[in-house]
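The chain below stands alone, shown as structure tokens; this is the form predicted on its own.
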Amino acid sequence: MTTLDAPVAMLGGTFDPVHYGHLRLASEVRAALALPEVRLVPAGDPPHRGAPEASAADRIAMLELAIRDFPGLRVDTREIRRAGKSYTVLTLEELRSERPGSPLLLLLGADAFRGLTTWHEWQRLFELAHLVVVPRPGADLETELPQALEREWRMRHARDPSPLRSRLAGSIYVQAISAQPISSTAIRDGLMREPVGNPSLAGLLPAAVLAYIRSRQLYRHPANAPFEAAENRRQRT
């Protein structure tokens, strides 16, 4: 029997900004499945949403700061370096060409999984990778799946993680983690509306990332400019 190489796992997203929801999801899945690493892959030109507010350089810098306290996470910038839309199928094709003997694992939240049929060449994802789906606590992942995706679920759902190491691709495995009710949208809204130094964002993202955002004045609204100037003067006295 052919022995496969260690799995390669990836979690994509805009990471605009990266927060503990992303980091803990990747870290907990890595620990639960005994993975050597999980790659965080920031999108360059996301196909399902508008352009990120922060630049690619800033999002990469925030990710590099964020993973310092999360061993086994690494940043993979291929989607930013690659021209065109950041289609996951293209990323998996690249990874497959680089790691022909490794199972590929695509980590997805439940909402992303339910919307899978809207992705570019979505059925080819199963030819290239296993899908590791992280459900919402207390929610039934199988409800309201599109018919085409429900068929794939019935054929591919794995009750245990063994296929993730014994086959290169093709399974759907559900991995529960602790609840992470954090969103980048809420963080951006908080940064836009709240005064500099407000503690309400503490604990949602690493302190080094928040400090970087503050120093670069990312996600700030012009209406906050007078307060920021006064706050900066106060801190210098």
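Since we're looking at a predicted model, the values are computed, not measured. Numbering starts at 1 and follows the sequence shown.
Not pictured, yet referred to below: the form predicted together with ligand ATP.
Check your understanding: Taking 4.5 angstroms as the cut-off for heavy atoms, does residue 167 touch ligand ATP in the predicted complex?
Key -> No, residue 167 sits far enough from ligand ATP in the predicted complex that none of its heavy atoms falls within 4.5 Å.
Review point. Heavy atoms within 4.5 Å of ligand ATP in the predicted complex: does residue 149 have any?
Key: It does not: once ligand ATP is placed as it appears in the predicted complex, residue 149 has no heavy atom within 4.5 Å of it.
Practice item. Mark residue 55 yes when one of its heavy atoms lies within 4.5 Å of a heavy atom of ligand ATP in the predicted complex, and no otherwise. Key: No - in the predicted complex, heavy atoms of residue 55 and ligand ATP never come within 4.5 Å of each other.
Check your understanding: Is there a heavy atom of residue 49 no more than 4.5 Å from a heavy atom of ligand ATP in the predicted complex?
Key -> Yes.
Check your understanding: Given that ligand ATP is left out here, which of 81, 85, 124, 136 has a heavy atom within 4.5 Å of it in the predicted complex?
Key -> Spelling it out, the residue with a heavy atom inside the cut-off is 136.
Check your understanding: Looking at 91-99, 104-112, 149-157, 70-78, which one sits within 4.5 Å of ligand ATP in the predicted complex if you count heavy atoms only?
Key -> Within 4.5 Å of the partner lies stretch 104-112.
Practice item. Could you run down 153-176 and flag each residue that has a heavy atom within 4.5 Å of ligand ATP in the predicted complex? Key: Contacting residues: none.
Practice item. Answer with closer or farther for the CA-CA spacing of residue 19 and residue 139 in the predicted complex compared to the shown form; it moves by 3 Å or more. Key: Note: Cα gap between residue 19 and residue 139 shrinks in the predicted complex.
Practice item. Please say whether the CA atoms of residue 43 and residue 139 come closer or move farther apart in the predicted complex, knowing the change relative to this form is 3 Å or more. Key: Closer together, by at least 3 Å.
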